[in-house]
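What follows is one chain in structure tokens, specifically the form predicted alone.
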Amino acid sequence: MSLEIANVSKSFDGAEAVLDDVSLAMHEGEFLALLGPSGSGKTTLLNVVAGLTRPDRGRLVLDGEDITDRHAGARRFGMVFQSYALFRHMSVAQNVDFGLRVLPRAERPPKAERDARVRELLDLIEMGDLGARYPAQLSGGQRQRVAMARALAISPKLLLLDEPFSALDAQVRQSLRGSVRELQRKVGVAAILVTHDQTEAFAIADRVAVMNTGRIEQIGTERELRDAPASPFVRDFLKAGAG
């Protein structure tokens, strides 16, 4: 999977641009973090990639094909939200199966195949014996694991994570981000994480894109960003977060 975001801009109701000529390219199997303060454009960029928000200008190219006008459902991306977004009336297994069950009929696997996929994913997130439970019976960390499994069930081309750990306490957050990174590597799917927490970004991502007022100030590894910040903003933002 290769994804190119080219010269993407977006404003709402004629106001100042939330995204201002943003460009970046993702590599096969890469874990990329979008890092920046509130209002920097991270979530809007993620929503543009997901197909939930249409850019005013620019384009998105997936594996050489322009997907700028492709609606969200047709992009076959998996999304994990801060709020888990699990269906309370469905069991863990039913939640994981949901994405498979609502695929177009021509793409929908038979039930036996779906059940096998659900069992495989529950084992992968170390919840193989909890498929009959309901979200209210789970901890926050367990709910987020189920949300991950549901997003992965459709074998997405890209995994999108919008502040998925911010509602969890520090100990659970640290444990879960390690699990998510390991799971992403096992599955081999490329992923984009939105976060305002630089410790989290550097712990989980291969590269980090530092955003500010709708633009990407710099993209690189932790060492590249800290050793050679491209702007005073990057230098000061990382220094403040490190304290």
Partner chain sequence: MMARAVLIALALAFSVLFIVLPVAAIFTRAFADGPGAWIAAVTEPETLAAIRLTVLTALIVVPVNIVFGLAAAWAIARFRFPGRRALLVLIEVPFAISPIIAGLCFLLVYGAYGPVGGALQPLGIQLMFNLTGIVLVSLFVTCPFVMREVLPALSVSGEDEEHAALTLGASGWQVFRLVTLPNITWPLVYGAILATARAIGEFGAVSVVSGAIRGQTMTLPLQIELLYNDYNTTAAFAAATVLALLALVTLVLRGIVDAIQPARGATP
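Numbering follows the first chain given and starts at 1. Since the structure is predicted, the reported quantities are computational estimates derived from the model, not experimental observations.
FYI, the form predicted together with its partner chain isn't displayed, but the following is about it.
Visitor: Indicate whether the candidate residues Phe87, Ala136 and Ile154 are all in contact with its partner chain in the model of the complex, with contact defined as any heavy atom within 4.5 Å.
Guide: Checking in the model of the complex: Phe87, Ala136 and Ile154 are all within 4.5 Å of its partner chain.
Visitor: Is Met127 part of the interface with its partner chain in the model of the complex - any heavy atom within 4.5 Å?
Guide: No, Met127 is distant from the partner.
Visitor: Does any part of Phe165 reach within 4.5 Å of its partner chain in the model of the complex? Heavy atoms only, please.
Guide: No, Phe165 sits far enough from its partner chain in the model of the complex that none of its heavy atoms falls within 4.5 Å.
Visitor: Using the partner position in the model of the complex, report whether Val102 sits within 4.5 Å of its partner chain, counting heavy atoms only.
Guide: Because a heavy atom of Val102 falls inside 4.5 Å of its partner chain in the model of the complex, the answer is yes.
Visitor: Check whether Arg150 has any heavy atom within 4.5 Å of a heavy atom of its partner chain in the model of the complex, and answer yes or no.
Guide: Yes, Arg150 lies within 4.5 Å of its partner chain in the model of the complex.
Visitor: Looking at Ala203, Ile67, Leu52, Leu176, which is the one with a non-hydrogen atom within 4.5 Å of its partner chain in the model of the complex?
Guide: Only one option qualifies, and that one is Leu52.
Visitor: Output the sequence-ordered list of residues from 57 to 94 with at least one heavy atom within 4.5 Å of its partner chain in the model of the complex.
Guide: Heavy-atom contacts within 4.5 Å come from Ala72, Gly73, Arg76, Phe77, Met79, Phe81, Ser83, Ala85, Leu86, Phe87, Arg88, His89, Met90.
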